[in-house]
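Shown next as structure tokens: one chain only, the form predicted alone.
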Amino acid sequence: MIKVGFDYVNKDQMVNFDEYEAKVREINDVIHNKTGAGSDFLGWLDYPVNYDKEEIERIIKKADEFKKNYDILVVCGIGGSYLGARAAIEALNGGYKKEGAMEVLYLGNSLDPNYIHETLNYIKDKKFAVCCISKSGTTTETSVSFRILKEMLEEKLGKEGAKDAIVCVTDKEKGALKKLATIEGYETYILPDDIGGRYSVMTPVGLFPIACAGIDIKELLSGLAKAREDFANPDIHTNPCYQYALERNHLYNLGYKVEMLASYEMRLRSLNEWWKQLFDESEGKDGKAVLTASVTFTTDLHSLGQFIQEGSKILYETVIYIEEPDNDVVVPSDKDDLDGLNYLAGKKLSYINHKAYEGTLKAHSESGNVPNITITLDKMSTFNLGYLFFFFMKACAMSAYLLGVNPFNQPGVEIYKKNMFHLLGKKGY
């Protein structure tokens, strides 16, 4: 399902797995025994097999109801409360709505007045429903948008109609959103206490929007469960998840301060965004960590490609490649051949894209001396995506512990909020 390769990492850039065998086993024990920093947030480790079966059935039933009665789902959340769902929906459905499913839009992830106005204007005359995702119910960006959306639905459908068009994913017992959902009678799903936002795609946070997009969430959970089983293996020589974590830590210690996630499919752009939050929010503390960035090839070879090839040697690449496309296109022949492309006539775009992948790996690693780690999937299926999600989560936990930081807190995120609240005149700030 997933192959991790180091063929495009030079010998002097490659970690010696033997030297870290004992360390990796030690950290694996820390993760599985939940004895390390932030261990209260390791619920994601077993969730793929311990999830609430009844809640999943309720999610599927409500998603089917929404698909029947509404055209658009507005996901109202920020950070991990929407990035995982968006990554999955776009990776599996592409950039367009799947037949028989809902169009999924995103609010509550910004304070940009233009973006919010344009989205509200787009949905105002359409049949839309809302999924609000917030642990506390007081996150500024999410709460502002949800207040507006709630008012729109109540004006459009009345109190009772709005109640049926709103679901909430929030704390089991406490918080402003939980209190509001109880008062108004909204259908509610639980965001577990022991799972942080950036690890929450496998919970109702991700699963409800993904189900509304027409994707089989049980199959996604199956992929997560299989990866959980495979990557519990503490042997660094046979666990590709830990091999990836160890090599990225080694490259950081060699002075590579940026990891560039590269893919060759436009539908993976939101996966890039989810991945960046996962690693940066987990590792970026105590003055440490690699900065993550992302590119989509071949598009960005015509812009950032110049820096990657010949710029300062501060980065390495991790390249995701999917071997079998869901669809393909054949290049036609042209009798005049004014563009000089008849040498490609009759060839599939997947073949051409693959040759671009091979040529770029060679150019960047050999001529550019940029280390390239490869992550290969046979195809982008729902099962494989769940497997990939867990691969990165487990690798992130190992990588952060190797770095010596708590993978599951984010104290720096709170600083801007305090300043913003003070400037806005919020009481107590």
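Residue positions are given as counts along the sequence shown, with the first one as 1. Here the structure is a predicted model, which is why all the values come from computation and not from measurement.
Absent from the display: the form predicted together with a small molecule. The rest refers to it.
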Contact stretch among 310 to 318, 289 to 297, 133 to 141, 220 to 228 - heavy atom within 4.5 Å of the small molecule in the predicted complex: 133 to 141
4.5 Å heavy atom contact, E281 to the small molecule in the predicted complex: yes
Q277 within 4.5 Å of the small molecule in the predicted complex, heavy atoms: yes
Close approach of Q410 to the small molecule in the predicted complex, 4.5 Å, heavy atom: yes
The small molecule contact at G197 in the predicted complex, heavy atom, 4.5 Å: yes
The small molecule: the contacting residue among M260, V167, A162, I78 in the predicted complex [heavy atom, 4.5 Å]: I78
